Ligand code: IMO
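So this first bit is one chain, no partners, the form predicted alone, shown in structure tokens.
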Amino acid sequence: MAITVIVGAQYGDEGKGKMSDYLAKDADFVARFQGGDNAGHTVLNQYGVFKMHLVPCGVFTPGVINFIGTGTAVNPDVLIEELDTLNDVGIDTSELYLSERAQLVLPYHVQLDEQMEARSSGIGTTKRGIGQAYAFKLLRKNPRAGDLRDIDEFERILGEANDIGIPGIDFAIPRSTLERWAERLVPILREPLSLVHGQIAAGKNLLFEGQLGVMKDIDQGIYPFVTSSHTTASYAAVSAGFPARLITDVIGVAKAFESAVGKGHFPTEMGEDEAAPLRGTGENPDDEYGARTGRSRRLGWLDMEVLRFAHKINGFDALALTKLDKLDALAEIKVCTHYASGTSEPVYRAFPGWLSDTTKCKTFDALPTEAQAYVRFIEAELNVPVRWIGNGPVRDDVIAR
């Protein structure tokens, strides 16, 4: 039995979806444990190119149970659309389940999000209503997935939400919509504790798939420019309801450089001339554009202070370093080794680039010596092994060490 948690070691968009898809081959159970459809996991495999927003990336591996867990925020329409997309290309979703305790993202949450982002205080959210759903959760006035079993009860909860009295927000949802959601989602509802603990008791291998990165964690990240849930490894145990000591492996996923979306502090951010060769045009699935919004990402050099912080918070057993191939054409690669005393001003060390194609490399020894040195530097600085290196967008474009 193993419980592995995959988390982002930077600001998000590190390649967690690719690694979850890749590592699902060794799993019996794959769960999304937090977040909503405000971000996407891009997966490229034999079935095609997918932007996964709610469904765990283990869905592409036959025989794996996939679970959308209690800590998530689920827009019913988005989930139904995602299921239809998978089914239309022949992906079996018969063992995909939804926690009856998962929070629902409803139309009025989206309206509220749009209103807030329209004001000058907007923090650059995707306006998908995720933060508002979590806010109503904390007010104890939000329907959960299990409430779809009883439409009358669901409407009663909507009435309680309406009692908050927010001008200009329509809390009503047509009963026909609720019945449509119930028809599709009630059959996949499961009581989460018995499902998760049943897997643990049976000695199964569980993989928990996080969304966004440590720097966007609601408590530990660059507040207020953060997401509305906990992106750290320990929350996999909290939201799934098992002791954290049962986690056997924490895998941090980091890009060979950095990216961020939205507003907020980003010390190693590049100028546009530096960023352009890494960003791409948006035509390729691994170009630096958001999987949900399509907007271009802010790009920066690798920041070892961020990785040290991420390791301190999560306790990595191993790293997956993705998109190494994106550095192939750079003559010089900069890394922030630390910040100037008393500031967050990055101090850089320059590494020579390798100026050669790494996408055909299948082993670590096949990489250019400069690329090997780059990886070994990261390992030495963190005292964490880099066990996987991504050198292309497709599932199998991974060097395992």
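Residue numbers run from 1 along the displayed sequence. As the structure is a computational prediction, the values presented were derived from the model and not from experiment.
Note that the form predicted in complex with the named molecule isn't included here; everything after this is about it.
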Original post:
Want to guess which of 179 to 187, 139 to 147, 211 to 219, 160 to 168 is within 4.5 Å of the named molecule in the model of the complex, heavy atoms only?
Top reply: 211 to 219
Original post:
Just to confirm, R308 within 4.5 Å of the named molecule in the model of the complex by heavy atoms?
Top reply: no
**OP:** Using the partner position in the model of the complex, report whether G40 sits within 4.5 Å of the named molecule, counting heavy atoms only.
**Re:** yes
Original post:
Taking the shortest heavy atom distance, is R295 within 4.5 Å of the named molecule in the model of the complex?
Top reply: yes
Original post:
G262 near the named molecule in the model of the complex, any heavy atom under 4.5 Å?
Top reply: yes
Original post:
the named molecule isn't shown here, but in the model of the complex which of K127, H230, R279, R101 has a heavy atom within 4.5 Å of it?
Top reply: K127
**OP:** Consider the chain as shown here, without its partner, and state which of V238, I151, I123, I200 has a heavy atom within 4.5 Å of the named molecule in the model of the complex.
**Re:** I123
Original post:
Listed by sequence position, which residues of 5 to 32 have a non-hydrogen atom within 4.5 angstroms of the named molecule in the model of the complex?
Top reply: Y11, G12, D13, K16
